[in-house]
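Read the single chain below, which is given as structure tokens and is the form predicted on its own.
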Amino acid sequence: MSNAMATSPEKHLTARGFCITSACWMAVATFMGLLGAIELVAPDLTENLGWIVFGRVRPIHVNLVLFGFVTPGLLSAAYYFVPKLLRTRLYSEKLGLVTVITWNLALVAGVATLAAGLSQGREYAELIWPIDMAIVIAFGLIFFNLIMTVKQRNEPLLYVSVWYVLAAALLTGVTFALGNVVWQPDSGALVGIPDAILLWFYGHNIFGLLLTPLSAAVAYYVIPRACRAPLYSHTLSLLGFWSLIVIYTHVGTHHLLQVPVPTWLKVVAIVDSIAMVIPVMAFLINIWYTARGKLGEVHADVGAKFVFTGTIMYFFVSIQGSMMALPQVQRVTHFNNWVVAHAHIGVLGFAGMIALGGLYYVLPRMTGKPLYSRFLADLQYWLVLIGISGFAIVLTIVGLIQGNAWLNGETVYRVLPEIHIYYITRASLGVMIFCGALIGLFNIAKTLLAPSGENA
């Protein structure tokens, strides 16, 4: 099989499918986030529209960002570069397209059911049982397709990006089934404290065993290629991989420090939350040393610029996460907008920026034509970067106001007037991110659909 055949512009149908999936759902997800932010400013705005009240908009937003925008964006890049790294074709494009269709049907059903009030009421596990099963099946199809691609490879060495992608597909399929308690179709939950422990085992690992390894895989592929330099250390990359798998799986209980779960489980969660510095810094040192002295090359490629910025966001969110696991810190930060800031830095700032970077890096290479508009991609970069940076600052301030007020015995409702202006600022920043999503959708769609050679 010739390399030209394996990389012809007519191929990569699965990667293209997940690419347009990510771009479309990012627009919907950010609109839902903007709508929710506006509802926090004007709570009566949708009081008579049950299907878009805040309690339904928020889980739609969260699930669409997680499963509609970020994960398909990272998978799009993965479906492109895994066969490239293995010097072969994807095992089955037809199976890949079935996966894309299954994924999108699950998302459509998820939006419809959550808007109708059908929810299992558990964080990141709100979707009802039939949709849960569709997602588990989709992860099974992803893993099967990729592992069979590995089996037929022409490259004997498995680069670390392949390790991360395979681990993400396999481990997430398992943890998703466990966390959603799929053997209890009627409730999707256990009872009492065991359910809380299992939920947060899943709730943290849906990031640590899905978004984090997929993002690392994309970064490990894009940055060395954009810099035209070898990876700084393959040994360091494997240290980061195995320490992530070993350490991250135990941190979920740090969400339950105020709950009567076993003390030893809390201690393990706190210790491992601090120990996350090992996989985080192994990854960041490896990426940053690979790019050392070559930031001009990173800046020249808009995809690499997105990815590199995502690694910087990873540094901030990881330091913040380790600190938030400390009981004394959590007395102030728990249950308020500090946590919302942390989530946005992690999902949109880290994984979201890398997902967009992966899309913009592989898009011209899998279509065989230039990106429709570098200017629009740069514009989206700045809109998203300013938006997420603003989110981080504004929501952190709000969280500190709330946390310190509550710690000193103030009631929830009396703090609301103090933070109203911050909520207005947050909604304004949301407009920027939503506009960035629309620009990205237009740019990606034009690149995929425009005749070869047409670009702005």
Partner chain sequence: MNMTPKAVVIGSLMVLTAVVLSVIVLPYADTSKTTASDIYRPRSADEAAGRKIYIANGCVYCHSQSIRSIDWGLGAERIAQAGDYIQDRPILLGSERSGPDLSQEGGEHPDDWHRGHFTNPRYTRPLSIMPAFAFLGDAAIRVLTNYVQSLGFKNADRRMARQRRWKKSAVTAYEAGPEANVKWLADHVPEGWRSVPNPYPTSAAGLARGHKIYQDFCLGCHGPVGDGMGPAQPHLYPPPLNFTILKGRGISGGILYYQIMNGITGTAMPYFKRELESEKIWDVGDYVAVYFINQSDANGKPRGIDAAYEP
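Note that the coordinates shown come from a computational prediction; the quantities given were computed from them, not determined experimentally. Positions refer to the first chain, counted from 1.
Heads up, the form predicted together with the partner chain isn't pictured, but that's what we're talking about next.
For the three residues Y314, L363 and S389, a heavy atom within 4.5 Å of the partner chain turns up in the predicted complex in no case. Interface residue remark: D301 is not counted as part of the site for the partner chain in the predicted complex, having no heavy atom within 4.5 Å. Contact annotation for F207: none of its heavy atoms lies within 4.5 Å of the partner chain in the predicted complex.
For L40, a non-hydrogen atom is located within 4.5 Å of the partner chain in the predicted complex, even though that partner is not displayed. Taking the partner from the other structure, the partner chain in the predicted complex has no heavy atom within 4.5 Å of any heavy atom of V267. Stretch 250-258 is the contacting one of 250-258, 75-83, 222-230, 291-299, since its residues have non-hydrogen atoms within 4.5 Å of the partner chain in the predicted complex. Put simply, of L236, A189, M133, L379 only one has a heavy atom within 4.5 Å of the partner chain in the predicted complex, and it is A189. Think of it this way: in the predicted complex, the partner chain has a heavy atom of just one of K369, R89, R374, R331 within 4.5 Å, and the residue is R331.
If you take 190-209 and check each residue for a heavy atom within 4.5 Å of the partner chain in the predicted complex, you get L190, V191, G192, I193, P194, D195, A196, I197, L198, W200, F201, L209, in sequence order.
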